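Quick setup: one chain, the form predicted alone, written in structure tokens, and binding and motion questions come after.
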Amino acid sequence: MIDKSVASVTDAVAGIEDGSTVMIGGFGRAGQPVELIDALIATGAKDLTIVNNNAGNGDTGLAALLAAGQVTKIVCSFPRQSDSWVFDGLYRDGKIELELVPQGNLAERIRAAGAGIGAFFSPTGVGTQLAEGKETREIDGRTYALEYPIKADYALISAYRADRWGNLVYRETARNFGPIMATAAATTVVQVDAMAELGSIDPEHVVTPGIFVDRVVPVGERRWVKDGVFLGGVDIEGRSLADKEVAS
């Protein structure tokens, strides 16, 4: 019987070793697998290379992983925003390496890894420092730079629901990088709001087929609270939590 569900987030991240390359889903806080990140922090794994769209927000989630000193390199598109003080401090102190990748190239390099594409030419970044040292080619009168796939040892992503086979359904913009990261890692670990009965998910709604998923762990309702103020969220049926009591 195929059953990819695991009992805890600790079990879900088991085996992530020092020096691993880990893709972490999320566009800022949307779709960020916070519980899996917290579990990764607890493992103490260090010298990690992290692939993410951003470089952390505030002091939680990815930012907390960076603050713990477990990351030596980050590959991302948007390392700096108003609340990226953890990354800013580490970078200015020379404690973390940054590979800056334009967002379209980042998505396509991850997708290429999952699709088995050896490399591709992109016009993005040509004529800037981002293309220095890269092979270029003129195609139809336009200059392109050669880009290589980004693959990982592990992908930690968040989805809305999954069945025990690992078929995933996402909720709105929380999908973001999850589907392509799931295909580009040797081991894909997913946190979901809740598990669904096998056969209850409409096949037309499955975004990531279970063949790309190795472990699934339910973490319960997701909600954002800051300083006692409710910032948004839904229950496992997709209903707003705005009218529910939220602990500060």
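The first residue of the sequence shown is number 1, and the count goes up from there. Computed from a predicted model, the values in this text were never measured in an experiment.
Form predicted in complex with a further copy of the same chain: not shown, discussed below.
K.L.:
Does a further copy of the same chain get within 4.5 angstroms of any non-hydrogen atom of H205 in the model of the complex?
P.N.:
Judged by the heavy-atom cut-off of 4.5 Å, H205 is in contact with a further copy of the same chain in the model of the complex.
K.L.:
Taking the shortest heavy atom distance, is R171 within 4.5 Å of a further copy of the same chain in the model of the complex?
P.N.:
Yes, R171 sits close enough to a further copy of the same chain in the model of the complex that at least one of its heavy atoms falls within 4.5 Å.
K.L.:
Can you tell me if G116 lies within 4.5 angstroms of a further copy of the same chain in the model of the complex, counting non-hydrogen atoms only?
P.N.:
Flag for G116 set to yes.
K.L.:
Does any heavy atom of R161 come within 4.5 Å of a heavy atom of a further copy of the same chain in the model of the complex?
P.N.:
Answer no; every heavy atom of R161 is more than 4.5 Å from a further copy of the same chain in the model of the complex.
K.L.:
Going through 106-143 from first to last, which residues have a non-hydrogen atom within 4.5 Å of a further copy of the same chain in the model of the complex?
P.N.:
Heavy-atom contacts to a further copy of the same chain in the model of the complex: E108, R111, G116, I117, G118, A119, F120, F121, P123, E135, R137, I139, D140.
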